[in-house]
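Taking the form predicted on its own, here's one chain by itself in structure tokens.
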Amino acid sequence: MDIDKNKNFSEWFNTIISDAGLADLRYNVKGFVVFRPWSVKSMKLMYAAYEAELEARGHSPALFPALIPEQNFKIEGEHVEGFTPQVFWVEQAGGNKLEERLAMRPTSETAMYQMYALWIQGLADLPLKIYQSCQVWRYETKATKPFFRSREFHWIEAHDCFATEKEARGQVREDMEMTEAVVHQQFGIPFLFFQRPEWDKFPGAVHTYAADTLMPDGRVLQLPSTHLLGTNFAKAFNVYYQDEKGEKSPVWQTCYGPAISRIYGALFSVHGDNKGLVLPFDFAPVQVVIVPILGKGQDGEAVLKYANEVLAHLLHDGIRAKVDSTPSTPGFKYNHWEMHGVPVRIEIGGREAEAKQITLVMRDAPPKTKKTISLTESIMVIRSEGAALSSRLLAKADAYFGSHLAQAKTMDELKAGLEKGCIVRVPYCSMEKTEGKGCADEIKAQLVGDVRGIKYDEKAPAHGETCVYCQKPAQHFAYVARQY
């Protein structure tokens, strides 16, 4: 592979999906992708990290049906209006036409909340914090792109209920903290969290907040979003609790949706290089590949025997490792595993076998940078070097992201920032539909830039600042970027 990721990201992306065996696009339903073992192994590790974080913060797992009766969608008017155009409908079972259409879930509010109404009666039932790891289906009309945008994607959705608005808003903040703890600190993907404009919020929500990261082609990709639902769905689905005074009150609700398949796409896009994938140590399907460099006769047998001893030693300590004993040349094997992003390569030749040593090469190290250590210290060194590699990936990603944040006060400055592939901070008139959407539409039409929202908790502009487009007094600093 010899494609410059930053100069030709689209070609790099498509090539890496094929050459590293991440997905197969030849499934004969448009917009549906077959995820292959190498990507799924990483995604399972990512699911586990996210599920552990959710459960540490009081969430419990559940599984709800994938089919939702049409009548459920009609209960909350804004929600049905927002999602119906994206729904896949099941209208027949066997040879019988169904009396009522069933939706393949595009999201699970309308499946889960009718059950919450049965489960929640009083304060003792609150808070209720449930998540499920599942697939959802949406009839995307935009061009689909594997991992980033498809008609079936794999995610986690958490749906929480509280007695008070304060608790619900606290959960929104906690969702942001989880995103930082997992997406940034563990996966190494930087982002900004925005409150979305009123014209771009989740159907039925009071407010929507979402994390945007930046791809190498200068376009932003939405990662987890969290929604303050208020009491809108509770009232519609009759989710009430009885308070200390014996009065019934609607619960306050939030929902949170990390799309693991999309986050995985961001992970390999952010960290990959012109040789292929570069994976954080904890999320690599194979953390260590052992390449025996075989001589002839007994020397080759000794090398292979020692390579398998090293493998057993690593596996015993829980390190995901394998020996590449295929007949290919060492150089071919190096390129193959570099393409697949394996963090650590161990080279074993006759000298290493005789001295009970191993030679380490890190995936992100400069060419010919090697370290030879004894087998007895291998576990400690590999874990330390793996953690250091992940830290370097995080620092490199943060530096790139930070260098692509810009500011503008005029349309010309905004245009220049967007053409450099930046997320651009601008003074902006309003996030309300009646006031600010017109400016957003003009920015989109003239500059192909999207108003992504306002940074959570950022102070308003000083008196005298004016909107980048209409020149009316600015109420916010908005962020504009080109998006997927």
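Because the structure is a prediction, the values reported are computed rather than measured. All residue numbers refer to positions in the sequence shown, first residue = 1.
Another form exists, predicted together with another copy of the chain; not displayed. Remarks below refer to it.
The candidate site formed by Gly170, Phe193 and Asn238 is entirely out of contact with another copy of the chain in the predicted complex, as no residue has a non-hydrogen atom within 4.5 angstroms of it. Taking the partner from elsewhere, Phe332 is found to have every heavy atom lying beyond 4.5 Å of another copy of the chain in the predicted complex.
Although the partner is absent here, Val33 is a contact residue: one of its heavy atoms lies within 4.5 angstroms of another copy of the chain in the predicted complex. At a distance threshold of 4.5 angstroms between non-hydrogen atoms, Arg105 is in contact with another copy of the chain in the predicted complex.
Taking the partner from the other structure, another copy of the chain in the predicted complex has a heavy atom within 4.5 Å of a heavy atom of Lys41. With the partner omitted here, the stretch from 132 to 140, 404 to 412, 171 to 179, 274 to 282 that lies within 4.5 Å of another copy of the chain by heavy atoms in the predicted complex is 132 to 140. A heavy atom within 4.5 Å of another copy of the chain in the predicted complex is found for exactly one of Gly246, Pro85, Gly318, Pro366: Pro85. In summary, among the residues Leu375, Val381, Ala355, Val90, the only one with a non-hydrogen atom within 4.5 Å of another copy of the chain in the predicted complex is Val90.
For the partner-free chain shown, Glu55, Ser60, Pro61, Ala62, Leu63, Phe64, Pro65, Ala66, Leu67, Ile68 of 53 to 68 come within 4.5 angstroms of another copy of the chain in the predicted complex, judged by any non-hydrogen atom.
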